[in-house]
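To begin, one chain is listed below as structure tokens, in the form predicted alone.
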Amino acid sequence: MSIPNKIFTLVLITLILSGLFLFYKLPNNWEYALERRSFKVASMLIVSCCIAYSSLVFQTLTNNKILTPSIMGFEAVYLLFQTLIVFVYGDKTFQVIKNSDNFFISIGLMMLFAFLLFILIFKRGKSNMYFLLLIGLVLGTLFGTVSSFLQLVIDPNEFLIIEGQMFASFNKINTDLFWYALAFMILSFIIGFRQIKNLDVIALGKEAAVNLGLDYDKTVKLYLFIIAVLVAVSTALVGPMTFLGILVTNLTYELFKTYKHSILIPACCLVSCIAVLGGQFIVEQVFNFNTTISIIINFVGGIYFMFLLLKAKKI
């Protein structure tokens, strides 16, 4: 099957799943239900595209197909902040900090964390990217450990508040936050797609990219900043979805045997939309909201991640 036909098939499946999600078992008050479902579908599409774009570009920058931006510690920063505010304010958390304030503070902290990493690391030697990954992994583990400790010492009833933030959910999205997230995503995509051909050059490796005249460090910094924005927005909007990036990017590589990011990125966004729409439909219609989409995604993605490790070991 040719690439245009594959893209068309993915678009068709996305539209079918969107329609199924919107119109399946509509209640009597269908106008209200359709409005809520439309908003939820749009939110899922935004998060799917943010995670797909950031994961695929991150793998290109690191030249590694089993890494995602979560290794940098962004999600750990998010969970640490959510744990800290509950630890300090207890059951009065949402009376003190509104959802919109929580959203922007979470994004601000994740962006500050990324900014400090980039400023500190890129002043050093040649292996900046790998050193960046190492520092991000260590700090992410540290923040996760601190979060776990605080979660153990707080009141069990207050822990339930944190638990709601630990798993991705599309049932808690504020309408105002949706529009902010959409604006962040569109702006990031516009900036990123203007230099999308540079990603094809970066995929050849640093030495080849430099020899071809690309300002490698400047381009990498730009895309790392875009990745940080997209990860921060998707995490602050619905919560962490660790293994979704690994799952959808590698499925895209299997479906599309091409190096062109102008094809890979849109295709990966479509695959991600299909995974999230399908997963959320299963959560609502099969499990009747007794689980969350992040659990399903992490379960499937974790198994696929192990498969990729075993496959790489054989090679």
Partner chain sequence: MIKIENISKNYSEKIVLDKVSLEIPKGKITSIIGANGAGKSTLLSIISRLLKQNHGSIIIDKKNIEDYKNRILAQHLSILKQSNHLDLKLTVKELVSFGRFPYSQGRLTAEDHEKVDEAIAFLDLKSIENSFVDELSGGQKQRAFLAMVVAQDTEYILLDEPLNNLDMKHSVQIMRTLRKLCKEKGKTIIIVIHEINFAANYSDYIVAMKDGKIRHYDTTKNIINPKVLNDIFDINFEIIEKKEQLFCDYFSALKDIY
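Numbering follows the first chain given and starts at 1. Everything numeric in this text was worked out from a predicted model, so none of it was measured.
Separately, the form predicted in complex with its partner chain exists; it is not shown, and the next lines address it.
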{"item": "Contact check for V88, K98 and V146 against its partner chain in the predicted bound form, heavy atom at 4.5 Å", "value": "no"}
{"item": "Any non-hydrogen atom of D215 within 4.5 angstroms of its partner chain in the predicted bound form", "value": "yes"}
{"item": "Its partner chain contact in the predicted bound form: N198, any heavy atom under 4.5 Å", "value": "yes"}
{"item": "Contact test in the predicted bound form: D176 vs its partner chain, heavy atoms, 4.5 Å", "value": "no"}
{"item": "Its partner chain contact in the predicted bound form: N211, any heavy atom under 4.5 Å", "value": "yes"}
{"item": "The single option of L142, L204, L187, L116 touching its partner chain in the predicted bound form, heavy atom within 4.5 Å", "value": "L204"}
{"item": "Residue among S38, S262, T258, Q285 with a heavy atom within 4.5 Å of its partner chain in the predicted bound form", "value": "T258"}
{"item": "Contact segment among 107-115, 176-184, 146-154, 190-198, judged by heavy atoms lying within 4.5 Å of its partner chain in the predicted bound form", "value": "190-198"}
